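Next up: just one chain, as structure tokens, the form predicted alone.
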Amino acid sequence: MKTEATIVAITGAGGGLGGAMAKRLAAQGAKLALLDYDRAALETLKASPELATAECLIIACDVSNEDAVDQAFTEICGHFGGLDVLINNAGITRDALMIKVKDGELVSRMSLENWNAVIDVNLTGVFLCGRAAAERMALADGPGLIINISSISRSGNMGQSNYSATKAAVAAMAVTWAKELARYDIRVNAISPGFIGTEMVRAMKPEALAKLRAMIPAGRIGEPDEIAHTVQYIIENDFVNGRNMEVDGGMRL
């Protein structure tokens, strides 16, 4: 599949990774449907110099809402006449220890509200968007591609019971969907980024950043465009299917 003229939907496009993907793919001539809960972030991205000449549709969408997702993908296909690629990038964190006990007393525990919030966006949202995209790709007789953005935390990370569970799940769903959807000429893959230099990570205290870098064999945090580059590679290599690309500088949790 060529990136040029390919119709690509990116969820969570208003964030650092989503924005980097949009800018790289726009430079390659892709047509972009950018989805995010935050419309203002989408408008800022669309106004960036890198997207100045791109054919670009922005849609404010809660990916955890079934009706909103189905409506968004209907709008995408109505606007562009189809859909070639979905990048399931939307995600949130609500970090906390499952429980914390001190001096024989319960200090805190992860709330059900924060558990459900992460499950709703990171897992249910991936399912809903993946289902909506696959339906339209299959009915169009393919080819199609879905990329689920997982994380190094899929292996299990302290304080991230909810996040780690969702990221392990979306990587597993990529394999499941690859097997189910191959008959429709739809590929499905996952990418598991390590620590990437988004604004949130770069805003960490210098001593925390230094400690983080020391844990990464490459000696540095990754750049958002390095994840976007991996997206482009998967789009353009039609024999990559059912795989999880770990882009983490050699780090393992």
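For every residue, the number given is its place in the sequence shown, counted from 1. As the structure is a prediction and not an experimental result, all values here were calculated from the model.
The same protein also has a form predicted together with a small molecule, omitted here; what follows describes it.
Engineer: Contact with the small molecule in the predicted bound form for residue 27, defined as at least one heavy atom pair within 4.5 Å: yes or no?
Structural biologist: Looking in the predicted bound form, residue contacts with the small molecule do not include residue 27, since no heavy atom lies within 4.5 Å.
Engineer: Residue-level contact is defined here as any heavy atom of the residue lying within 4.5 Å of the small molecule in the predicted bound form; does residue 17 satisfy this criterion?
Structural biologist: Residue-level check for residue 17: yes, a contact with the small molecule.
Engineer: Does residue 185 reach the small molecule in the predicted bound form, with heavy atoms at most 4.5 Å apart?
Structural biologist: No - in the predicted bound form, heavy atoms of residue 185 and the small molecule never come within 4.5 Å of each other.
Engineer: Within 4.5 Å, heavy atoms only: does residue 168 come near the small molecule in the predicted bound form?
Structural biologist: Heavy-atom contact with the small molecule at 4.5 Å: absent for residue 168.
Engineer: Taking the partner as it appears in the predicted bound form, which of 108-116, 146-154, 71-79, 173-181 has residues with heavy atoms within 4.5 Å of the small molecule?
Structural biologist: In short, 146-154.
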